[in-house]
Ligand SMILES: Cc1cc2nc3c(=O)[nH]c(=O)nc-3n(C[C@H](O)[C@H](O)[C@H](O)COP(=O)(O)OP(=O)(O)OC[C@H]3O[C@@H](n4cnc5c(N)ncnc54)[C@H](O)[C@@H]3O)c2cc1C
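First comes one chain, alone, set out as structure tokens in the form predicted on its own.
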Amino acid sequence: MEGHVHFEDLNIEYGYSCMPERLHYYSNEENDFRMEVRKWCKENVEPVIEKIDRERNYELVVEILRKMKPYLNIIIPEEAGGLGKGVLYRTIFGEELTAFNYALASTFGASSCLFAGPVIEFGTPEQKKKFLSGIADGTKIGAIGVTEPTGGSDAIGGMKLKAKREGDHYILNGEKCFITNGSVADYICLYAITNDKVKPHQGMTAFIFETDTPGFEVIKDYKHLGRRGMPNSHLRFNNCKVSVENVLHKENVGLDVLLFGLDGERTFTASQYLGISRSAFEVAYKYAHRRMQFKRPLYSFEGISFKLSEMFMSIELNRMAVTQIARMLDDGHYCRASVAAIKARLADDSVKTTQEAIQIVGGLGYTEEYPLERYYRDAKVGQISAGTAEIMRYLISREMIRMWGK
């Protein structure tokens, strides 16, 4: 018990040794699904976690993604080859997978949630049959294309990608940036301006874009602080020809498609913040019981045990909130303010939790011998992606006026 406690001596099992196998706010079926996913991740993801991160190994991430066939189809309807399980099951999967590797979970989310979700909700029977079956069996990968160099938080107002109608097709010209899966995707749920005579949100259209279209170019893949191994790309569309049959929903009503997709995306990303927080908590908890200082385990000091108590409070209460919001979405309720609230809260809490975990472990926590530095690097993006922490608060303030007036 004296001296340093090396990571391998903690017998960490990546995010669930300190968590009950069955949680009372899930059904037996939901708990069984969680344990099934954990087992799959331990066998297929755990052996390559470090390789993905240290090598920024996109190829390995895609390889594992294609092996996820039992889970790629969670929300895809049964008639399109899926399980039709809905948002709650997706959050369970997101938490479990992220407890092992955030980059892989984000790649899964962009394909099976961000691309597939809008197609499920707004796609024609022909579109669902054509584009969802490959997502469900792992032969195809999806992405969503919203952000542009001139956009950022003002993604719609800054949108410059144009789609000009010419007969039975559109010609697309412009760029997209920070597109998860952009360089490996077969399909992109792509947003473009089809009417530049009105405000962007009134003239935006969603397309199902096939990346083998002539004129499509991957400019580069970004190298990120965290989520290493997740393909994230800058894309260019140069006179790309897209059939009118690939319009998702209707022309100039892409805002409806986008807002629907964002609620699902933000709920899924909240589940990811849970997973990464859980893994950091587990490392800090076990370390605090094994590391001796002043002839006592660290956990016996209130300064340490209270930090761990705060971590537990955050994880437990936030998971309950994610679960309830996911059930509300599955039941068809409008809960945009709640989605924004849990996304913002968990994004902030995951940064704090990973930071405090490093503080508890101390010098070793700051080294690559422990995975805490990776969790900390990964967690930061939660306050930026899928809507910044500031934008979430803006959405909440706007929703409060909608609900209660001025």
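If you're wondering where the values come from, they're calculated on a predicted model, not measured in any experiment. Residue indices: 1-based, along the sequence shown.
The same protein has a further form, the form predicted together with the named molecule, not shown here; the description that follows concerns it.
- Proximity of F33, M35 and T323 to the named molecule in the model of the complex is absent: no residue of the three has a non-hydrogen atom within 4.5 angstroms.
- Heavy atoms of F178 reach within 4.5 Å of the named molecule in the model of the complex, making it an interface residue.
- Interface membership of I391, defined by any non-hydrogen atom within 4.5 Å of the named molecule in the model of the complex, is confirmed.
- The named molecule is not drawn, but in the model of the complex it has no heavy atom within 4.5 Å of A192.
- Heavy atoms of I384 reach within 4.5 Å of the named molecule in the model of the complex, making it an interface residue.
- Of the residues T205, S314, N232, N73, just one reaches the named molecule in the model of the complex with a heavy atom at 4.5 Å or closer; this is N232.
- Only one of the listed residues (A105, A185, I144, A99) places a non-hydrogen atom within 4.5 angstroms of the named molecule in the model of the complex, and that residue is I144.
- Look at 83 to 91, 208 to 216, 150 to 158, 285 to 293: in the model of the complex, residues with non-hydrogen atoms within 4.5 angstroms of the named molecule sit in 150 to 158.
- Of all the residues from 210 to 228, those having a non-hydrogen atom no more than 4.5 Å from the named molecule in the model of the complex are H224, R227.
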